[in-house]
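Here's a solo chain for you in structure tokens, the form predicted on its own.
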Amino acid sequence: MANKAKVAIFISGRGSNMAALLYASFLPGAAYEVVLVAANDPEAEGLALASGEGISTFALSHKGMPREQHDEAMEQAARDAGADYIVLAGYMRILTDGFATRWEGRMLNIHPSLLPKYPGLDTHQRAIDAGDSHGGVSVHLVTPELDAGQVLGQMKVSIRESETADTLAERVRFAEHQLYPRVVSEYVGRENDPDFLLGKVRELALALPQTHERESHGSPGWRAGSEKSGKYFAYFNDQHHGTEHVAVLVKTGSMDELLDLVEAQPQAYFKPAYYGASGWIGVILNRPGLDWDHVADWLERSWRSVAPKSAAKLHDAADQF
């Protein structure tokens, strides 16, 4: 798969979930590659496993360091490795709010309960004590609030008679190794999924006043104005005319601007066949680290170039509230 997402994995110990993630990344069709395994304990067993498979490692003990300073060092190691995402796999550190916020939407964690039940510690015993029929595991996005981010996937594990926290934990760990690689691959793989990308563009385009969707030459397009007389301000391009790009086509101010952007940022823009001759530029969507606010800005700018003045005034008025 082209354009695999680059993942840094943080661990604190033996790294069994890290190993599951790493070996899953070697499978055909995996949406990610592991570019770093980092630990807050230089003696963490998982470091040797990762190094033996040719993966770069980083280790820095947190002992005697302010939490923020240690977080900064770990984060810098991930950035130096080119990571698009950070995946926590048994990383036994509570992150600073700033770290979690900077990686919002790009940091995942695994938690041994069916969230929102039992955030924090002692999850298995709490599930047993509550008389639950199942324990389990959740994969979620990391936010400043502990174990409160969006849940991306879960797997239940039955609680048997005479279950103990240790026996339940052992079986939940098997579930973790199945669930985590699948959820990570699905989540980071969205950046190459045309259906997901189309859905995001559609949501942003239709949020603009007096817009509607209409197909054009087999591709989704969005027009500003009435159904009868509206004008196109964006098209969705799914690897058309032999390109490798999934993109949204929007209007630039001039051919000079188009050519300058394509020359300066070829990883973000291209001149599309046919449309490019009329000043339309392709904003590439299937690339790591895509800034959706930037895409929204392009859509709004293109929309303003064709939208009725009444719609633009309505939009400006709404922005003031």
Ligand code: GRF
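So that there is no doubt, residue numbering starts at 1 and follows the sequence shown. Quick caveat, the model's predicted, so the values are computed rather than measured.
Below, we turn to the form predicted in complex with the named molecule, even though it does not appear here.
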ask   = Of 110, 142, 197, 157, which one comes within 4.5 Å of the named molecule in the model of the complex, counting heavy atoms only?
value = 110
task = Work out which of 117, 173, 126, 190 lies within 4.5 Å of the named molecule in the model of the complex, going by heavy atoms.
result = 173
Residue contact check: residue 25 to the named molecule in the model of the complex, 4.5 Å heavy atom = no
query = in the model of the complex, does residue 181 have a heavy atom within 4.5 Å of the named molecule?
reply = no
ask   = Might residue 16 be said to contact the named molecule in the model of the complex, defining contact as any heavy atom within 4.5 Å?
value = yes
inquiry  = in the model of the complex, is there a heavy atom of the named molecule that lies within 4.5 Å of any heavy atom of residue 149, even though the partner is absent here?
reply    = no
task = Work out which of the listed stretches, 221 to 229, 68 to 76, 173 to 181, 245 to 253, brings a heavy atom within 4.5 angstroms of the named molecule in the model of the complex.
result = 173 to 181
remark   = Looking in the model of the complex, the residues of 67 to 92 with a heavy atom no more than 4.5 Å from the named molecule, listed in order, are 89, 90
